[in-house]
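First comes one chain, alone, set out as structure tokens in the form predicted on its own.
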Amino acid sequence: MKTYAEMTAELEKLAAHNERLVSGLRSARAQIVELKNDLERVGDPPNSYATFLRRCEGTTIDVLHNGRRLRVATAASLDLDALAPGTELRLNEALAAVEAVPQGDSGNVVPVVEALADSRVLVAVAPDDTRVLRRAGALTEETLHPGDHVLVDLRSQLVLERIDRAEITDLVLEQVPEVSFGEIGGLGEQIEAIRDAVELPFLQQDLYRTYGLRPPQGVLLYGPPGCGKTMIAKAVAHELVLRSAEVRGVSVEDALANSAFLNVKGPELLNKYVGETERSIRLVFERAREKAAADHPVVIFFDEMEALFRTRGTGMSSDVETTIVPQLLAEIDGVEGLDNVIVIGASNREDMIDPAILRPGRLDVKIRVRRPNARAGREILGLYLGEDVPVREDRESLLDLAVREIYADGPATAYVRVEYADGGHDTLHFRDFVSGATLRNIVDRAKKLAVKDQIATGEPGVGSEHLTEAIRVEFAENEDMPSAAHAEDWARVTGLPGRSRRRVEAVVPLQDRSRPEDAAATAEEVSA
């Protein structure tokens, strides 16, 4: 006979076994239910999708389903007030709309031809296929301009989304530069001329209309490289925004956000495919007109202009320029106008630019940016060797020393001998090739020498020995070596004196001035 303890242990064992059986049955039941649900889902009829077009009487709506326009019923759970044209809907087996689903993000990207007044949009699907489409709900309030790229669903005939034009970003730099006229030295006459040509017409529009004056369409800055043409263009854009903000009574931040400096990148603009470069020029001017439509000033800056718009029909240009130049002329002279838009070009070879671009009514203001003379050079040096730079000696004395050495006129500074076709010749010196960029490099070199000197000796400040060494190294390393094969072209680019005299093919450089022991020999050669 079993004892009480044995019976209790056996009962506990049976209870545990029963619990395991119950758990197994529950798990099996859950699996059976899940399999049943899967079977029912597999057996459900397929759902389809449609695009919402408009709301109709009661709870019915019009949709586009598989290319057909249908009027369907809606489920009670579907919020009809939240539906907008273009919303994608899920339809059940009875073709009733039961759920709104996220909108698709694919389709055709096409350019806008015109935004119509009734919220429709004229788009160019193909060169010979222009269609009128309706806006999707997300685009109802958005402003579309000709040339904008939009995502469209051609089946539902809806414009779904505005696509940012990355190609414009690749072509231009839009930010207004933080460069003021106060940062430019030695070009007071040129700055005054361009302010009269650009700022005055924009800021005094009423007076210009009173006197019947026509603001210039464009400005050409020409002269040797490194003399501040690009800096002037940047400063024009910046100062124009500041003056515009004052006149219109808006904050500088708002003016900077809405104005633009379209710095056209020439290499990206040139395209080997026929018509692409011309289309890019149109896009640049379209963007400018968009920005200027709200009375915000816009500057379009073409650097190295001769590379894009060379003279046609002279053998200097390729077939590309025969269509690029007319496209630019069409944009400047076009019926749409260029209100609040100023075109600024910069070039080292103004003689290579097509004359049609430079005639009155187009780039009709021409400002020559010359190499800095001694007075202008001292002003530029003073900007970079300012009051915030530590010096070892009197600052004015250092500037005087630098000007004397840079603009010296002696045998040791002779640089090149230029021979002319009429038998004459000129000996040019380093001072004839000085640019603003050269002067900045000299000061930067002197600062670096001062830093190294302070690390070695502990004595701070730029001294005369640093400036002297910087001038010597700068002249030695950055000789603008002439081309013996193309003397005339080299002379034009560098802005040499005697422009009216034709140079012969040989331009003889005077070598080996970087070593002091060679200076005397060079001097003897020059004097001889």
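In this text, residue numbers run from 1 along the sequence as written. All values derive from a computational prediction rather than experimental measurement.
There is another form of this protein, the form predicted in complex with adenosine-5'-diphosphate, and it is not shown here; the text below is about that form.
Tell me, out of Leu139, Leu363, Ile380, Val110, which residue has a non-hydrogen atom within 4.5 angstroms of adenosine-5'-diphosphate in the model of the complex. None of the other options qualify; the answer is Ile380.
If you check Gly218, Gly436, Pro297, Gly86 against adenosine-5'-diphosphate in the model of the complex, which one has a heavy atom within 4.5 Å? So the residue touching adenosine-5'-diphosphate in the model of the complex, by this definition, is Gly436.
State yes or no: in the model of the complex, is some non-hydrogen atom of Tyr415 no more than 4.5 angstroms from a non-hydrogen atom of adenosine-5'-diphosphate? No.
Just checking whether Pro411 would be counted as a contact of adenosine-5'-diphosphate in the model of the complex - the rule being heavy atoms within 4.5 angstroms. It does not: once adenosine-5'-diphosphate is placed as it appears in the model of the complex, Pro411 has no heavy atom within 4.5 Å of it.
Thr230, heavy atom within 4.5 angstroms of adenosine-5'-diphosphate in the model of the complex: Yes - in the model of the complex, heavy atoms of Thr230 and adenosine-5'-diphosphate come within 4.5 Å of each other.
With a 4.5 Å heavy atom cut-off, would you call Ile184 a contact of adenosine-5'-diphosphate in the model of the complex? Result yes; Ile184 sits at the interface with adenosine-5'-diphosphate in the model of the complex.
In the model of the complex, which of 402 to 410, 246 to 254, 230 to 238, 89 to 97 comes within 4.5 Å of adenosine-5'-diphosphate (heavy atoms)? Of the options, only 230 to 238 has residues within 4.5 Å of the partner.
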